[in-house]
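As a starting point, one isolated chain is supplied in structure tokens, in the form predicted on its own.
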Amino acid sequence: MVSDQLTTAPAGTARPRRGPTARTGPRRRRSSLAVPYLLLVLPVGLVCLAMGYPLVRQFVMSFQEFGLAQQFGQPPEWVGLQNYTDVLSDPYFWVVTARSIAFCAACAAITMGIGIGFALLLQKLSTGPRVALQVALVLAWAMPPVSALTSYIWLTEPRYGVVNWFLTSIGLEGFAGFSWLADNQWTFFGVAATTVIWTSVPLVTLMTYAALTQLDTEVLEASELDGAGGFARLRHVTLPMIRPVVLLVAMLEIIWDLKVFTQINVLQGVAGNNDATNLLGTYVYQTGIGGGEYGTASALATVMLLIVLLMTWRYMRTLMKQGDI
């Protein structure tokens, strides 16, 4: 019998035959490992195509004399570091830079505080109010910036705005006919900060709330049994556990708030006090598009990029140490 021969054959003389599944196993594993990299090719390629060329072109133009004449075909001249020297030796540049960093720090801190507070509130609310607040946040986030800015311009209109009407009705007569955008630099930035925070809080809230829903409830219950109060649990348990998400959102907020442009540019169109209210984003735009000094504007944009990298490097380093990016 063949079966008997196979059964009685010495173990060392039998040659194992590898079936189709055994041969294709490593190949399938290699294919499955390659799929994520293949899926990354298209988005990474599009990002490199959309952002790589403008970034390289900006870097090259920052070393050239590039103005309106070059726009009409005259070859640009290489000027070395002259554009950077002009930018860094201009006192107005440092005024705008300090103003931009202060505005960014204030907006990012207030946005993170309000956003985390709303996320903690969502965690405590019942289903109905929680859904209503989430819908309101999504609507605020989805509103186009120009529409939100128009509403704030109407609210602070000197003669017919609701804000001045309310303040004068409670006895603050000094606000009668007061222009929040043109009469005072601080009130201009107050309105601008409000519009920036208005559009940023929803994203911070929803991302933080998503992180809170992933917390291990057993750890929270154990800390409560140990006698930790609400603030102690928040400081020593909850915030450390969602720290990677908070750091990532904070880094995004710093980047967005430092290069804010739309809100400031639209409000400047109403106020007309550009020199007193310029931030880095509008300063680069006015130097390049408004003034036709594309080489200087490119140097400004490059310096602005370096400032963003310096301000976010600490957060990026922390995230990389934690293995989240």
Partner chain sequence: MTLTRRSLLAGATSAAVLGGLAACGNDTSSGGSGGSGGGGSKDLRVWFMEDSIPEQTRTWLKQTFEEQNAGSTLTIEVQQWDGIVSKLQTSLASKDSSPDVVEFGNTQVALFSSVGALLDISDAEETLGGSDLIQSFIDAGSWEGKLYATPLYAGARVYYYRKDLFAQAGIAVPTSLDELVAAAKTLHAANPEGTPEFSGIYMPGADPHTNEGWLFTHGGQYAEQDGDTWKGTLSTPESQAALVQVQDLMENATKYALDSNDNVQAAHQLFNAGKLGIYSALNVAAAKIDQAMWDADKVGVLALPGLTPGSIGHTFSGGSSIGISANNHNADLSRAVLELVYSDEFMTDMAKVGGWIPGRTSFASNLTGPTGSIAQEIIENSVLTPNSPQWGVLDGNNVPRDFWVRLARGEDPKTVAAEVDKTVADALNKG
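Positions refer to the first chain, counted from 1. Remember, it's a predicted structure, so these values are computed and weren't measured experimentally.
Beyond the structure shown, there is the form predicted in complex with the partner chain, which is absent from this document and is the topic of what follows.
Heavy atoms of residue 63 never reach within 4.5 Å of the partner chain in the predicted bound form, leaving it off the interface. Mapping the unseen interface onto this chain, residue 298 counts among the residues with a heavy atom inside 4.5 Å of the partner chain in the predicted bound form. Though the partner is left out of this view, residue 268 does reach within 4.5 Å of the partner chain in the predicted bound form, counting heavy atoms only. When contacts are judged by a 4.5 Å heavy atom cut-off, residue 264 does not count as touching the partner chain in the predicted bound form. Contact here is defined as any heavy atom lying within 4.5 Å of the partner chain in the predicted bound form, and by that definition each of 73, 273 and 288 is a contact residue.
In summary, the region of this chain contacting the partner chain in the predicted bound form, judged by heavy atoms within 4.5 Å and restricted to 96-104, 131-139, 221-229, 182-190, corresponds to 182-190. Residue in contact with the partner chain in the predicted bound form (any heavy atom within 4.5 Å), chosen from 167, 197, 255, 206: 255. Checked against the partner chain in the predicted bound form, the candidates 237, 87, 163, 245 yield a single residue with a heavy atom inside 4.5 Å, and that residue is 245. Contacts with the partner chain in the predicted bound form, taken as any heavy atom within 4.5 Å, map within 294-314 to 294, 297, 298, 301, 305, 308, 309.
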